[in-house]
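Below sits a lone chain in structure tokens, taken as the form predicted alone.
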Amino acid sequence: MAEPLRLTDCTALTKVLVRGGADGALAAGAPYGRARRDGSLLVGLLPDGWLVIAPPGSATDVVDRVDAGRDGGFITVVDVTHAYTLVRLTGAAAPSVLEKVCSIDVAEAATPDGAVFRSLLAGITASVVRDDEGGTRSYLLLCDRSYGQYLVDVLLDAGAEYDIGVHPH
């Protein structure tokens, strides 16, 4: 039986934006367009920028860890937890739902686990991170907080035919 489709609000997770040289230690950990887990999720969001997604309330720890691991170059580290909405779309039908609201090919070969891209989702700019959970297709969707409810409503509408469920984090 296929995994049921569910939408989970992950907005409370810590989100720290790091900007710095594209040849630093973070770039080696998660190059632009890729994400990897190492306790937290390191997302290569920009050629010279990363988003660290970690448990709620851990911004200070993330900032300290990034600062301790920097390789001497200039970087900026900003807690952007409250600036963005973050939702997770999980289930076998997740790619079908995304295809309704996004023009990016989300087929397995085009966006494997760990892929990161920015696109318009139903007319708003969002970052998408393929972050499978236990072998089940899953996507983290990040947008400006002011568009969060709109994004959730659009995803619920697009997922209605798949009996989408909403789950708290």
Partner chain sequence: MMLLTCPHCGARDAGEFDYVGERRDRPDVSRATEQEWRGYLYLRGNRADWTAELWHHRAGCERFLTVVRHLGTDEVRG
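These numbers were taken from a predicted model, which means no experiment stands behind them. Numbering follows the first chain given and starts at 1.
The form predicted together with the partner chain is left out here; the points below concern that form.
K.L.:
Specify the contacting stretch among 130-138, 106-114, 57-65, 43-51, defined as having any heavy atom within 4.5 Å of the partner chain in the model of the complex.
P.N.:
Stretch 43-51 is the one.
K.L.:
Indicate whether the partner chain has at least one heavy atom within 4.5 Å of a heavy atom of residue 100 in the model of the complex.
P.N.:
Result no; residue 100 lies far from the partner chain in the model of the complex.
K.L.:
Can you check whether residue 145 is within 4.5 Å of the partner chain in the model of the complex, heavy atom basis?
P.N.:
Flag for residue 145 set to no.
K.L.:
Spell out, yes or no, whether the shortest heavy atom distance between residue 34 and the partner chain in the model of the complex is within 4.5 Å.
P.N.:
Residue 34: no, not in contact with the partner chain in the model of the complex.
K.L.:
Check each residue of 114-143 against the partner chain in the model of the complex and list those with a heavy atom within 4.5 Å, in sequence order.
P.N.:
Contacting residues: 117, 118, 119, 120, 125.
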